[in-house]
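A single chain, nothing else alongside it, follows as structure tokens in the form predicted alone.
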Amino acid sequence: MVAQFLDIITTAAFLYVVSSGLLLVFGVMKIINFAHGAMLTLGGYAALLCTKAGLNPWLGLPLAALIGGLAGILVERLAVRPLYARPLDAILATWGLGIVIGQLITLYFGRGVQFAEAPLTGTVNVLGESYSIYRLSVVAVAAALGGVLTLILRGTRLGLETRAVIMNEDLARGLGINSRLVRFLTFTLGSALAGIAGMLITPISSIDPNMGVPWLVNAFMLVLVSGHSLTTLVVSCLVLGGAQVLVSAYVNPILGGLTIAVLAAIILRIRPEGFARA
């Protein structure tokens, strides 16, 4: 029971880190960034570069954020900014650029499966159970990221302007807020968070050009259920991530991989607003 409880908490932490950047972009820009999976993959390869260079694996964290952020700047300027008024076209454009990024990764690194060194190894005793130190450390990282994002959104001018754009962009513009700059900064931050998430998931996953795809699917469903609230995202990750762990343990791991998508679809059918007003 202790191990399963820890699995639920750590799985929720991974899902939160993966989904938070996507949720920020969705909240401000009202589009789903389907290049998010490619940004995750870039973060994974940033970790691989650190491993090959013999560097401390934790240095992959700022490197992944930098690479993801730079990729986000390019995607926002080339694909998203010209299509602000056409959100469906913007979604399709991010999907296409995500494919392009994946192909560029394949050209440079090949299609082979590779592995990066974990920042932490070994286990620790938790209530009589040996559990991965690294998975527990990701809970701390997820909590820190959540705290920083909350501080930015609630304690800075950028956060105030971002919340204003989320609630009513036309009114925000009327008050003199540069919504285009807010969109740009939000998309860049969301992409940097995707890169960080990609680096963090590499110790529990192999690295290949398509590693971000399954994580993107789950993040997409979690964001739809959560709306644009970081708090409801935590709830969604705990509930749906916990269900995934339990189904994988007691029913079938393959069905476990489908759990988040299926449950999210059911929740949205019953409550179109998901957990946003729960």
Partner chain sequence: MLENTETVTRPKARASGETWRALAPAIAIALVGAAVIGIGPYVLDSYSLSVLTRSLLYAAVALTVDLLWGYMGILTFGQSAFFAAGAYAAGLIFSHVGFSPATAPLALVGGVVVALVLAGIVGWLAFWHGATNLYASVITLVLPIVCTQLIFSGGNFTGSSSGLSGFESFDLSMEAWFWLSGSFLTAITAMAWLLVNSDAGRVLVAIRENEQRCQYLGIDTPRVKTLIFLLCAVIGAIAGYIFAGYAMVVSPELAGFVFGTELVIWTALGGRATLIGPVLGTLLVDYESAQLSGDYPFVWKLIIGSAFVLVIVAFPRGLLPLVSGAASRIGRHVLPGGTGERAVSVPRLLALPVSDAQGTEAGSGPALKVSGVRKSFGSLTVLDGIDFRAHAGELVSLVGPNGAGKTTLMRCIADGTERTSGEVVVNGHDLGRATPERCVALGVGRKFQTANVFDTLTVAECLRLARSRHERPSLWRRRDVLHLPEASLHVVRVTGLASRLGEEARLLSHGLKQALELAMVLALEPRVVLLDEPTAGLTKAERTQIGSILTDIVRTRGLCVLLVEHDLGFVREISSRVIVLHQGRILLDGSVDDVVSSELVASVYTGAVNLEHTA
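For clarity, every value in this text was computed on a predicted model and none was experimentally measured. Positions refer to the first chain, counted from 1.
Below, we turn to the form predicted in complex with the partner chain, even though it does not appear here.
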property: Non-hydrogen atom within 4.5 Å of the partner chain in the model of the complex for each of 25, 187 and 230; result: no
property: Contact label in the model of the complex: residue 136 to the partner chain, heavy atom within 4.5 Å; result: no
property: Partner proximity in the model of the complex: residue 204 to the partner chain, non-hydrogen atom cutoff 4.5 Å; result: no
property: Contact flag, residue 122 vs the partner chain in the model of the complex, heavy atom cut 4.5 Å; result: no
property: Proximity of residue 127 to the partner chain in the model of the complex, heavy atoms at 4.5 Å; result: no
property: Listed residue (78, 140, 151, 113) with a non-hydrogen atom within 4.5 angstroms of the partner chain in the model of the complex; result: 78
property: Listed range touching the partner chain, judged in the model of the complex by heavy atoms within 4.5 Å, from 66-74, 242-250, 209-217, 38-46; result: 209-217
property: Any residue of 87-104 that, in the model of the complex, places a heavy atom within 4.5 Å of the partner chain; result: 88, 89, 91, 92, 93, 95, 96, 97, 99, 100, 103, 104
